[in-house]
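Following this are structure 1 and structure 2, which are two forms of one protein chain, each written alone as structure tokens.
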Structure 1
Amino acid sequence: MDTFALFIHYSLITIKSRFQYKVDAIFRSLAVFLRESASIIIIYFMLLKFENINGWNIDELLFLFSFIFFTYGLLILFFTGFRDFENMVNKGSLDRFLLRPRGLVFQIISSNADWFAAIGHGCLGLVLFIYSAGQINVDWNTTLVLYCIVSVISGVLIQGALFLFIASLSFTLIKVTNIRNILYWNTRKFAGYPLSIFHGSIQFLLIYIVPFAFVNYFPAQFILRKADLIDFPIAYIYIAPCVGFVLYALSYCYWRYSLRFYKSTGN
């Protein structure tokens, strides 16, 4: 309870600092929402010409995108510190966290949250999910609801594990911006589309190296059962809700190992 209370206290301080200028905060959140909406608008106009992509229509593609945006909205509430972790190492500000009588991961998670990105991405993801699920007439039941909830948590942990792994590299490499761009941001651009349209090397990347396929494609296939699911082992749609927990545990172990090699860079 003490840890939870401290987390809430940290969060309230972060919210107060982020939303000190309310009008600016509203417009910054709106800017994120509109910026990310641009990719959806492009997809929409493209499909006015082609109608579908490998059997996936616009509503089903929006369903794929909704998982990406909504999970990132949740992710960035907890993993902003790891997204920007190299700055702490580079500037030497990590030292003050190491001197405090609390867990390092807890402090990093609690001390920073990008609320503007969380609101922008999260609201867009929620809007897309509600709209697309209604259009494709998902027959909701208890199993599907529970599956979606656990899959969203797993999707957050998959991306959190990637941030944690890249943050761990900062202990030895110091600057990891380009690694993060390649492993996360550039790879994420593939994730909004059906996995089956890509070359086998890209499919391998999205399943086994940077497993974005388990963030949205396989959870969506559990509900939609599109014809291209035949290209992949059916077991993947059932293990998707577990992947995030396993991957995060492995990344955390690597984090603990890499922490041994940290040396302050000064200021």
Structure 2
Amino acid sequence: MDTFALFIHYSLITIKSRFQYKVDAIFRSLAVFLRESASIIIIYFMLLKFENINGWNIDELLFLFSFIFFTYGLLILFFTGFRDFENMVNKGSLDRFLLRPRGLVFQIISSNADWFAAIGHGCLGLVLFIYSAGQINVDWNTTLVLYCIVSVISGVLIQGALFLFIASLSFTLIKVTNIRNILYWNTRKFAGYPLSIFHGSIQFLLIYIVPFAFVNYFPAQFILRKADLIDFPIAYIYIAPCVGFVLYALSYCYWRYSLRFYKSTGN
């Protein structure tokens, strides 16, 4: 309870400091919302002319995309500190956190919660989800709702585990920016589209190495059951809600292990 109150206090502080530049702060969430919408608007225009991509119509595509945006919104609320980990280490923040009587992971999470971006991404995800689910006429029942909620959490944890893993690598390697660009950002560019349009090696990458497929494709397929699901083991749509929890646990262990190599060379 005390921890939660502190998280909120940290958040208020970050928000307040952004509000020192009022106009910019007010537009910040909107800017993120629009920035992320750009790709959606483009796909929407594309499909006005072309109607479908590999059998997926615009509503189904938006549904697929909504998972990416919504999970990212939650992700940056909790994992921005690990995303920008080297910056933080270079600024000496990690030393400072080690000098304060609170959990290290907790401090990294709460002092970096980016509410503005989270609202931007999250709202876009939510709008897309509600709109597309409405168009698709999903037949909601308790199982489905529960499945969606757990899948979203799992989706957040999959990406969080990646950030945590890459941050842990920075204790032993000099620079991990490039590794993160390859593993996360470049792979994420593939993630919005139906897995089936890609070549086998990219599918392998998205399922087994950087498992974005479990963030959106398999959870969406649990509901949509599009024909191209036949290319993949059906079991994957059932294990999707668990993948994140397992990966995060593994990543956390690796983080604990790597922390002992911290050199504190910030100055």
Partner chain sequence: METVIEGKRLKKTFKISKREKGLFGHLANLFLPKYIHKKAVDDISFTIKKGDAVGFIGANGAGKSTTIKMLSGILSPTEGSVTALGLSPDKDRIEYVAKIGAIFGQKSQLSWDLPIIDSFDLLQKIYRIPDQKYQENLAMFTKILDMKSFIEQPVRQLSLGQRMRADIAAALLHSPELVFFDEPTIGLDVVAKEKIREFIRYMNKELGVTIIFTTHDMQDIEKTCERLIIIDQGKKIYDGTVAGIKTHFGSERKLVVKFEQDYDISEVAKTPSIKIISKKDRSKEFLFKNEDIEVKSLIQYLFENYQVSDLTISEPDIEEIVRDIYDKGI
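Treat the numbers as computed from the prediction; the structure is a model and nothing was measured. Sequence positions of structure 1, starting at 1, serve as the residue numbers. Here, rigid core means the biggest group of C-alpha atoms that superpose within 1.5 Å across both forms.
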Return 1 or 2 according to which structure is the form predicted alone.
1
Large Cα shift (2 Å or above) at L99 between structure 1 and structure 2, core-fitted
yes
Could you check whether the CA atom of Q135 moves 2 Å or more between structure 1 and structure 2, using the rigid core for the fit?
no
Once the core is superposed between structure 1 and structure 2, does Y10 show a C-alpha displacement of at least 2 Å?
yes
By how many angstrom is the CA atom of N90 displaced between structure 1 and structure 2 after fitting on the core?
2.5
